[in-house]
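A lone chain, given as structure tokens: the form predicted alone.
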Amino acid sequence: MLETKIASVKMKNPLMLASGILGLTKESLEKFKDAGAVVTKSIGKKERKGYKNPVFYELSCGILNAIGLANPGIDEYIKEIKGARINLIGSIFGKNEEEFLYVAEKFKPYVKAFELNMSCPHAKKLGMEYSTRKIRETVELIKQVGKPVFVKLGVENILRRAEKAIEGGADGIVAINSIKAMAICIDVAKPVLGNKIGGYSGEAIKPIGIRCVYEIAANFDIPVIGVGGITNEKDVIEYMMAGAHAVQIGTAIYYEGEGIFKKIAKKLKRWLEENGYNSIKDIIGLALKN
């Protein structure tokens, strides 16, 4: 009932671990066996230290963070995840298409698909600052590696950037990333994060994520993976009715732990049964049709 498939990636349910959440070790990734798929931390060609503390700040309706794409580099990372027994999707980033390709070729034996991070809101010259005009050629290049390619986009110019990804042959669009934001501590009159500006995630951004998924699904014939503010089965249903084929869960794990996948999957199955649906696929895009 919950089984789904995007490109060649088969999943026992449409729930995926979002990139950046406990994704640096094999042991931490394997904690999420109840998820349909698990996305790694975003990995680059070389080690990246990231930003100075504080890198994390909890707000009333979500979390503000600026990690800075800290990672050990692809050569060290594949040593860590080798042998992981999960449905693994490799998140990668680069400052140009050559760096994306280098990481993808190294990652290929260990992952079922690639997620190209073209939306991190606080990494200078990376993520959301990756040139829109380069997206098409970068996706075309990574497609040659021989694995499905999903492109993760933020709210900025999302339809234009999605169009370029699709022109390059993307197998799916992941929407959205955290929202570029900041907070100031009034006691010391300075930003709370070491990098000043970070990415805002959590329940407050769900309506933005829903809107982006809906617009992409309405304009393009491509699977969409919805991300942003998902905490329960009703959030999953809302995203899927907006046109998502699967969803990713991130911030909610901070509050509920890895057990959230089993919990939501159980309630999702019950909701489908109670409402007369035979498959999770039956609710995809219902809001578009109505």
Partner chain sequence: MFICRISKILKHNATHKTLFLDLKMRAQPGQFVMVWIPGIDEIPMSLSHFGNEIAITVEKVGEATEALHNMKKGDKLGIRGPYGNGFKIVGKKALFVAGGVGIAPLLPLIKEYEGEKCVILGARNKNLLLFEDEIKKFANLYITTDDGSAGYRGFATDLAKKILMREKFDVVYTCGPEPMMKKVLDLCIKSKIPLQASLERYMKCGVGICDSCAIDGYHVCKDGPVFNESILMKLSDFGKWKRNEAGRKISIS
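Positions refer to the first chain, counted from 1. Everything numeric in this text was worked out from a predicted model, so none of it was measured.
Just so it is clear, the following notes concern the form predicted together with the partner chain, a form of the same protein that is not shown.
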>> Is the partner chain in the model of the complex close enough to A84, P207 and I249 that every residue in that trio has a heavy atom within 4.5 angstroms of it?
In response: no
> Even though the partner chain is not shown here, does G169 get within 4.5 Å of it in the model of the complex, heavy atoms only?
Replying inline: no
> Heavy atom to heavy atom, is V188 within 4.5 Å of the partner chain in the model of the complex?
Replying inline: yes
> For K31, is any heavy atom within 4.5 Å of the partner chain in the model of the complex, or not?
Replying inline: yes
> Do H245 and the partner chain share at least one heavy atom pair within 4.5 Å in the model of the complex?
Replying inline: no
> Among the candidate residues E99, E163, E156, E80, which is the single one with a non-hydrogen atom no more than 4.5 Å from the partner chain in the model of the complex?
Replying inline: E80
> Which of 232 to 240, 218 to 226, 50 to 58, 260 to 268 has heavy atoms within 4.5 Å of the partner chain in the model of the complex?
Replying inline: 50 to 58
> Taking the partner chain in the model of the complex, which residues along 208 to 233 bring a heavy atom to within 4.5 Å of it?
Replying inline: none
